[in-house]
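So this first bit is one chain, no partners, the form predicted on its own, shown in structure tokens.
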């Protein structure tokens, strides 16, 4: 017998940050949706206009550059005007208040009432369930995300101890993400062995040298390369999967799978 669900709210996704991260979020929403036929999957829209949006880390490190929040807000407004009722953005760096603030202002000015689901808040809530007594949480992300302390401040407020690598280690993570020859942004499908190895080496250092309780992949390019849920007996938090789950909850909570089939 076909299961009855309530009417879902339409999901809108701000893509292009980078392009494959948006596709990865769509894939994970479909993967985690409880559905036995096409008609039971959730309505969603992916708007991917990468050429419109200036580099997020570049702006955060040099405020004289154009603020990408303006273009992101325009894309959010178009999603809302096209019927999106819940919006998610698979880019951690773009959640900096300096970028997200102008984007949400543009969205609110567009008219329709839309719920924005924060990847940062969703990830920290997931960490709280994973480490309810608090823990040492290893962070991997772009230099922009690390230097603006998006995750550090949120984790500390929640009672956790954020742990990062030194400047050289963080620079290698950034290289694995954005190197124009082998980085994940340049080579997403498949990811190059060099980019994956740099990211795995960083995760191993956090686990073995820093003795963290979990590793949080705080850039949506990283889960494209590191797909494991556990590394060296340590849980890995894929923030794209966490955002996918929260978007499903916001759209139609009874359609969220409790677990994936083996």
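Model, not experiment: these values are computed from the prediction. Positions refer to the first chain, counted from 1.
Only in words, not in the display: the form predicted together with another copy of the chain, which the text now covers.
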For another copy of the chain in the predicted bound form, the stretch among 47-55, 207-215, 194-202, 223-231 with residues bearing a heavy atom within 4.5 Å is 47-55
Contact with another copy of the chain in the predicted bound form for residue 23, defined as at least one heavy atom pair within 4.5 Å: yes or no? yes
Touches another copy of the chain in the predicted bound form: residue 42 (any heavy atom, 4.5 Å):
yes
| Looking at the partner-bound form in the predicted bound form, is residue 143 within 4.5 Å of another copy of the chain by any heavy atom? | no
ask   = Quick one: is residue 245 in contact with another copy of the chain in the predicted bound form, heavy atoms, 4.5 Å cut-off?
value = no
Exactly one of 185, 106, 136, 147 comes within 4.5 Å of another copy of the chain in the predicted bound form through a heavy atom, and that residue is 185
Residues in 9-36 that come within 4.5 Å of another copy of the chain in the predicted bound form by at least one heavy atom, in order, are 10, 16, 17, 18, 19, 20, 23, 26, 27, 30, 31, 35, 36
